[in-house]
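First comes one chain, alone, set out as structure tokens in the form predicted on its own.
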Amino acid sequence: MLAQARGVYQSPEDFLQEVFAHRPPPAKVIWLTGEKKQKATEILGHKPDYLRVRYWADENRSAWILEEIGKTEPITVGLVIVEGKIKRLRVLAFRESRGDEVRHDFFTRQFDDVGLKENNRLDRHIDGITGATLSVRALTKLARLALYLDSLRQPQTAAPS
């Protein structure tokens, strides 16, 4: 008998309540047009299925709830970013029949304090999990996408003269 890995582990609403101490700010939106859409396509390896991405932010952090297909079904992930680094990555819902090991702390902790290099690659290697390759890939893409999108909302600092 095949074990089912599917599950909802935390609702997006509960995730946001936890991140923002029960006071989530209003949602904001980034529209994926032009270069933003091109970069998102490069990161995901396919065109995004959406034109806008909602996020929540206060003065210290941003929270993103994103989805990516593992093998055939979407995986919903919540990410918190502070100063261009991931502070938390949590699988909120997993719909595949296998590969749900990616939801456990032993795996998601690898993303703590990860940022982006100039080429929109993570600045640290993420170890895979045998039997969960597509799920690992999906979470890695979402981490890259959230970090990229977060960089768009950051005020641009002037280059030193």
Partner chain sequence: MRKPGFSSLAALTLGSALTTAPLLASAADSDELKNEIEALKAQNKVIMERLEATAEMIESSDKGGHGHDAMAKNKRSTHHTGSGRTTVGGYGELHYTNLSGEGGASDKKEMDFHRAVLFVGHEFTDKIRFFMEWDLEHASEMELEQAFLEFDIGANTAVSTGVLLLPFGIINETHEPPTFYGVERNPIETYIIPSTWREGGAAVAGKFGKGWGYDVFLTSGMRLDAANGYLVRKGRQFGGEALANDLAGSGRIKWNGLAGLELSVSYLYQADGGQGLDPQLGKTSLISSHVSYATGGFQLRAVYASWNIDGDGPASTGADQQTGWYIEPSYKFNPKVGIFARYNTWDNQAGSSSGSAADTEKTQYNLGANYWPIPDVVLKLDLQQQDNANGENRNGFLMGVGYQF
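What you see is a predicted model, and the numbers here were worked out from it, not measured in a lab. Positions refer to the first chain, counted from 1.
Form predicted together with its partner chain: not shown, discussed below.
**Student:** Taking a heavy atom within 4.5 Å as contact, would all three of 85, 90 and 140 count as contacting its partner chain in the model of the complex?
**Tutor:** Checked in the model of the complex: no contact with its partner chain for any of the three.
**Student:** Contact with its partner chain in the model of the complex for residue 16, defined as at least one heavy atom pair within 4.5 Å: yes or no?
**Tutor:** Residue 16 belongs to the contact set for its partner chain.
**Student:** For residue 67, is any heavy atom within 4.5 Å of its partner chain in the model of the complex, or not?
**Tutor:** Close contact exists here: in the model of the complex, residue 67 approaches its partner chain to within 4.5 Å, heavy atoms only.
**Student:** Does residue 131 reach its partner chain in the model of the complex, with heavy atoms at most 4.5 Å apart?
**Tutor:** Yes, residue 131 is a contact residue.
**Student:** Whether residue 95 contacts its partner chain in the model of the complex should be assessed with a 4.5 Å heavy atom distance threshold; does it?
**Tutor:** The answer is yes: residue 95 has a heavy atom within 4.5 Å of its partner chain.
**Student:** For the heavy atom contacts within 4.5 Å of its partner chain in the model of the complex, list the residues of 21-44 involved, in sequence order.
**Tutor:** Result: 31 alone.
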